[in-house]
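Take a look at the structure tokens below, where one protein chain is shown in two forms, each on its own, as structure 1 and structure 2.
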Structure 1
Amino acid sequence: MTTQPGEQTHIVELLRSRRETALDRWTELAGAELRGRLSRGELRGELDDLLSLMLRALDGPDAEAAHDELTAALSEMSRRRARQAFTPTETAFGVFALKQVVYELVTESGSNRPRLTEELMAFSHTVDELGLLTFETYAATREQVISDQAEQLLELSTPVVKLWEGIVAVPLVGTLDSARTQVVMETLLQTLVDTGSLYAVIDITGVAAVDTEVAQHLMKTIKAARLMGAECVISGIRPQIAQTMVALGIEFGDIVSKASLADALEYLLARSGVRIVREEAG
């Protein structure tokens, strides 16, 4: 906080002498914005702790330590709100509402103390700083939550399934970009190690389009698998995608490609020495 201890003496005295009234009003204002998403008891206890730290930070023998504790408490509150899907307004308003509480206390006291206006402005600035801290912490936490969820979705959207003993497949759906390619590569390589598989099918039936960048991503994944001693087959190249690849001059070199996942499995079973015999009915 930019204000020094002792600069808001009258406001601190008011808050200490009218503490219960101030807490009740602060809880009422903050609770109205939360619309019952937090019980009154929980909210009041939370605000009670914040008020104690604020009073110490404004006018206490351990002001600096109290300020650090206050910012830590507000940051933790903001992170908790973000993880619980409260809105930024609901989170920050709980702090900003304290300005209304103090204004009402000063008005009711009828004080005409010299420099009271300066004290109110200083207190308002202090609360603004704390409110901005909660907003910034909330935003950072939400970004991290979104990033973690995106990573989890990537992992869920790139499963590796076992087709046969020694044969696994990666069915891809949607868009293949750098981030997703990295997940595909890591997941495939780990599965090859875990299962001891020597063959893998990368099925792109569900990939919307294949351009030069997507082809490069596929090549990186296949080369990485080869370094692990595994052979990869690409399946699911539709006629439209095949035409696009020819027009763009995209070549997979010595990489085997098959029209469907079934064709790829049949090819790799043969490579594994497994012979499939169709049994005639009747």
Structure 2
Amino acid sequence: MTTQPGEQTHIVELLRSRRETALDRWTELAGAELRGRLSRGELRGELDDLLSLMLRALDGPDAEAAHDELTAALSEMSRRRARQAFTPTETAFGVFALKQVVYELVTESGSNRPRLTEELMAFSHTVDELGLLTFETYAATREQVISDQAEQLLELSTPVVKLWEGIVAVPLVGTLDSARTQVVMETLLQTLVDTGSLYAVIDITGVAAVDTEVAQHLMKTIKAARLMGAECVISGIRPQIAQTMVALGIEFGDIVSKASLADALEYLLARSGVRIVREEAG
């Protein structure tokens, strides 16, 4: 912060002497639209803490330490706002509103001090910096939330299921992108090791489209499984996808492809020496 302690004495005095009024007004402005995400009391408590730290940072014996604390408290508040689904504007406005509060206080006091304009400018600058800090923390937190969710979604959407002793399947649904396919590949191969399964089915019945990169990933999975001593079968390639793959020049070479998951299971049961016999009725 560029502000030197003592530079804003009048404003600090005003905020100290009319603290409750200032807090009420700040809470009112910052909490115009809380929509139940936060109670007014909670908000006032937060702002109260911020105000104390700010006053100490502006004009206290431990200004520097207080400033660090203030930065930390603001960042923490912005992180909470991001998780409470406040918009970045709402979050930053909560801080900027303090300028309005101070301006009103100064006007009301009717003060006519010589350096008042400079003081107000400096104060406004300080609040701007704090507001921007809020914004930055907010954005970083949102990014974190989004990437966390994307990761959770990845985990959720790639279940590997056991079909039979030694046979696992991964039913893929939706849009396959490169990142997700890669996760599927790794999960599937690890499951082969963990369960000691020799056979795997990659079922793409529920997949809308396959591009070159995704097809390459599938191919690599199958090759990697082979290197590990396991065998992968693909099932449920839809006609459109088959056509796309041919058009893209993707060759599946000597890879086994079956029409449905059931066909693939039947094939692999036979491979592992299991015979299915229908019992005679009667």
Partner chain sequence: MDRVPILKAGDVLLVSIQTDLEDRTVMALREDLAERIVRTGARGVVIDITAVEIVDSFIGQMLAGIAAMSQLLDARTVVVGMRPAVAITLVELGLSLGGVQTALDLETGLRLLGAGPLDGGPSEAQDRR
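By rigid core we mean the largest C-alpha set that fits within 1.5 Å across both forms. Source: prediction; values computed, not measured. Just so we're on the same page, residue numbers count up from 1 along structure 1's sequence.
Only structure 1 matches the form predicted on its own. Relative to the superposed core, residue 227 undergoes a Cα shift of 2 Å or more between the two structures. In a rigid-core overlay of the protein, residue 48 has its C-alpha displaced by under 2 Å between the two structures. The two forms, fitted on the rigid core, differ between the two structures by less than 2 Å at the CA of residue 59. Overlaying the rigid core between the two structures leaves the Cα of residue 195 displaced by 2.5 angstrom. Note on residue 36: its Cα is shifted 4.4 Å between the two structures, core used for superposition.
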